[in-house]
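Next comes just one chain, in structure tokens: the form predicted alone.
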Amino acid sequence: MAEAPPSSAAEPVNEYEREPVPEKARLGFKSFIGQYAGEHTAGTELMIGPLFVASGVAAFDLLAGLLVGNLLAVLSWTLLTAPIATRARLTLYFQLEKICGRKLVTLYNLANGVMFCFLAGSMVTVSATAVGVWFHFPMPGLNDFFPNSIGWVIAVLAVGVMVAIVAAYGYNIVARIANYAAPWMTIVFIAFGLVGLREFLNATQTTLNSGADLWRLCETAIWKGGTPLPGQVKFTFWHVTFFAWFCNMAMHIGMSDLSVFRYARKSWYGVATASGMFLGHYVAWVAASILYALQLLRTPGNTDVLPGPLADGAAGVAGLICVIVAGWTTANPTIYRAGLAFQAVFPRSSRYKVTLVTGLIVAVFGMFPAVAMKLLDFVALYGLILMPMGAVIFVDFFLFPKLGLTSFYAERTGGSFNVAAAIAWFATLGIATWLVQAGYTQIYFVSLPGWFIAAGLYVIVSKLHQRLAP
């Protein structure tokens, strides 16, 4: 059914795109701690943290919502993604090809690759804002869509090429660089929060004598709640919880990180994601939101969300370097995933060359600041688009053998288009879109019922299809 992969001799590294990862290539727990800390303690945290403040979130809603949501994300990786990854040892794309068939999985791979390109583009955008501080070219504002200077275009292109070269050399290089960068970046992000808090105390002439004084400052000056900035959705505890849980939905519930955890020796290595969730999606988001709240306190009319200037004001040169490196370490594994998706579409092509071309596409996307400035909405959307296939994989792997249904249906029947998987994907997206457009729910919440809808549809249609098929 599938075309033969390119010769491994043509690749700088063998990434086992169309075979299980062998014992000799498997990695220890430390590799995943570093990779997830490096990926999620990242430049985009300096975009997302400020957007919480722009959304008018209250102190309790932010801090409690992040605790619950990030815990749910870690459990999703540990209990859903990693067990399948360490048993099958296949990339997401090759595993889906066995389930869905070549034609259907080609559509999915294209959608997956494009979504990851947009996401990586936002990370390149973040790094470019630090370059802008050094070279003093105009940078985009909160509601800008198009690039606004030649300097901006050149900076994004330079960062994108650098990231693509690293990602093209494979997962081991990506993980190694993340291990080197993660500890230092974490320290700098903590410094952002502490410096921002100190400046808040000075600006408001507040003295901290107890924890109650600190909490009062958080409630009345930093995360005040109230009306969001123009163009932003009002965030509550539930918005924060579901965003923290589902901002990486494509990776855990959507199963994209099968491609990462197929290298893990044990399935419990999924808990390594906590290094990214609680250092990046808690500490770094909180620190970045403090810096943005401070910016609004000092200059209420300056609503621009630019990580470079924010970091420069808090930590100077160290802050700018952190923004560049953080955007880089986040974009590395994202471009790696996108390269795998596109290479699965063109299996005779070199993954190395495909990843390099993917990096150039990412650089082009990064030139348009709207992707980064609307990051809260975008990550919810891309998770929703890819989520139904995660439900298909879960059901196919764990439930079909118990229900007496055929797993890896396309591979075992020689089919190229699994009708049941297609209906589960497209119908779920249609139902979810209708629920949002009709006002029954918001995009931040629709993916949870959507996952169960996709799972149920796949079981029901598969029963009918496999019973009627010859």
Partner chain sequence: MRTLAQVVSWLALAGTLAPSLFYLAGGTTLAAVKTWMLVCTVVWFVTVPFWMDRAEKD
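We call the rigid core whatever largest set of C-alpha positions still superposes within 1.5 Å between the two forms. Numbering follows the first chain given and starts at 1. Bear in mind that the values here come from a model prediction, so they are computed numbers and not experimental data.
This next part talks about the form predicted in complex with its partner chain, which is not shown.
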When its partner chain is placed as it is in the model of the complex, which of 98 to 106, 355 to 363, 313 to 321, 84 to 92 ends up with heavy atoms within 4.5 Å of it?
313 to 321
So which of Ala293, Val166, Val188, Val133 gets a non-hydrogen atom within 4.5 Å of its partner chain in the model of the complex?
Val188
Among Pro183, Gly151, Pro228, Gly141, which has at least one heavy atom within 4.5 Å of its partner chain in the model of the complex?
Pro183
With a 4.5 Å heavy atom cut-off, would you call Arg265 a contact of its partner chain in the model of the complex?
no
Close approach of Glu219 to its partner chain in the model of the complex, 4.5 Å, heavy atom
no
May I ask you to state whether Leu194 is within 4.5 Å of its partner chain in the model of the complex, using heavy atom distances?
yes
Though only this chain appears here, would Asp377 touch its partner chain in the model of the complex if you measure heavy atom gaps against 4.5 Å?
no
Though the partner is not shown here, which residues of 198 to 214 have a heavy atom within 4.5 Å of its partner chain in the model of the complex?
Arg198, Glu199, Leu201, Asn202
Aligning on the rigid core, do we see the C-alpha of Trp134 shift 2 angstroms or more between the shown form and the other one?
yes
